[in-house]
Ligand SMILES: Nc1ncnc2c1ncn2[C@@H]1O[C@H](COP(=O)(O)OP(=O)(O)O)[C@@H](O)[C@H]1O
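Just one chain is shown here, as structure tokens, and it is the form predicted on its own.
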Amino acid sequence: MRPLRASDRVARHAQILSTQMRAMREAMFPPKAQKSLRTFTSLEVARLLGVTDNHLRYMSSNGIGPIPDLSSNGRRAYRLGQVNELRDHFALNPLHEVTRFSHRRLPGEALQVVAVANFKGGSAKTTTSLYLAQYLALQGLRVLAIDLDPQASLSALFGYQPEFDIGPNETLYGAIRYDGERRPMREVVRRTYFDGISLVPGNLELMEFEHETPRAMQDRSKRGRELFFRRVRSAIDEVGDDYDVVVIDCPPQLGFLTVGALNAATGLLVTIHPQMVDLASMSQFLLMTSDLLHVVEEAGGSLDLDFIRYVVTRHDPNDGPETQIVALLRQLFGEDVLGATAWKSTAIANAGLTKQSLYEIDRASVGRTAYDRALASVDGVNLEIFRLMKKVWGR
């Protein structure tokens, strides 16, 4: 029997792994193999809204606003959609400031497009994108998450297995491709189980844009050909009125997709793991990014970035060398490095085993102390980013 060719062997391994991943998903999320979001306790809702638990109890007892689910012991639980109904209720009260409860952008405020980028694996780029999108949705914002990474890790975290659940022309590629198969952006946007978040999923199809762009740049016979780096922004503009924030998980390389994302962005987050090898890699990333963006600017592109921030991820605050690297980053880049850092945490890792975030799991499932420490670090990072957005909006 002839041995399998290398290509056939790798393809066989991919099929075996895909089948196993699908079986694991179906076991974790029966009966329809789809994720769902947990409910939130009245105390959690009170903290999210900045009101007292007693006030929520008074409202539910008097039939004001959404009625929470009641457990056998009388504890109240709210779905995220109900939390947003409460936000709307408070925001409509003439005695309240609208922006205290409703963080959605107001007329005249620009859509925020935040690109999360780094071309080195292991910098927690996808994790940062996921937690930011979910945090903003928990604040009541309408969020569009775009998975631009052909590996599609963000899509998997939202419950989609790329090779099974995402068909041809169902990624952003479908809305930015060069031929007659191009689709309206609205047709590739999917709702997710996480109220307030929509998703444009990714899969290997995105690589087609990297292959086709050089040919399109040489083809001058087609009139009105839109420059490649403007196509991502044009696609986002088609649905921009539906959202307050767009979070883009960029691929781990500086290709045409990443350049398009940077051209569309109003804010850039560069994730960095505080290790010396990652620091050296980031130096090369910044040099290459500078060169590419200069070419885009020379071609007529405009980079309207309201902020650029470095996000320290997977940080062990008890590690001496890591602490020194963080201090060096602050010395070099000042306030461009976020004050909060995302800590390395077993709680985050354990949640990820079931493709979930800390926002999705029960506090007791990973240990209360570990959960609280990890969540405080993640919330600290996301709150800083949220404040940058609100500053852009003039709040």
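Residue positions are given as counts along the sequence shown, with the first one as 1. Every value quoted in this text rests on a predicted model; they were computed, and no experiment measured them.
Not on display, but discussed next: the form predicted in complex with the named molecule.
Contact annotation: the named molecule lies within 4.5 Å of heavy atoms from the stretch 348-356 in the predicted complex, the single such stretch among 36-44, 58-66, 348-356, 329-337. The partner is absent here; in the predicted complex, the one residue of V311, A175, L206, A124 having a heavy atom within 4.5 Å of the named molecule is A124. Among K120, R79, R104, R87, the residue placing a heavy atom within 4.5 Å of the named molecule in the predicted complex is K120.
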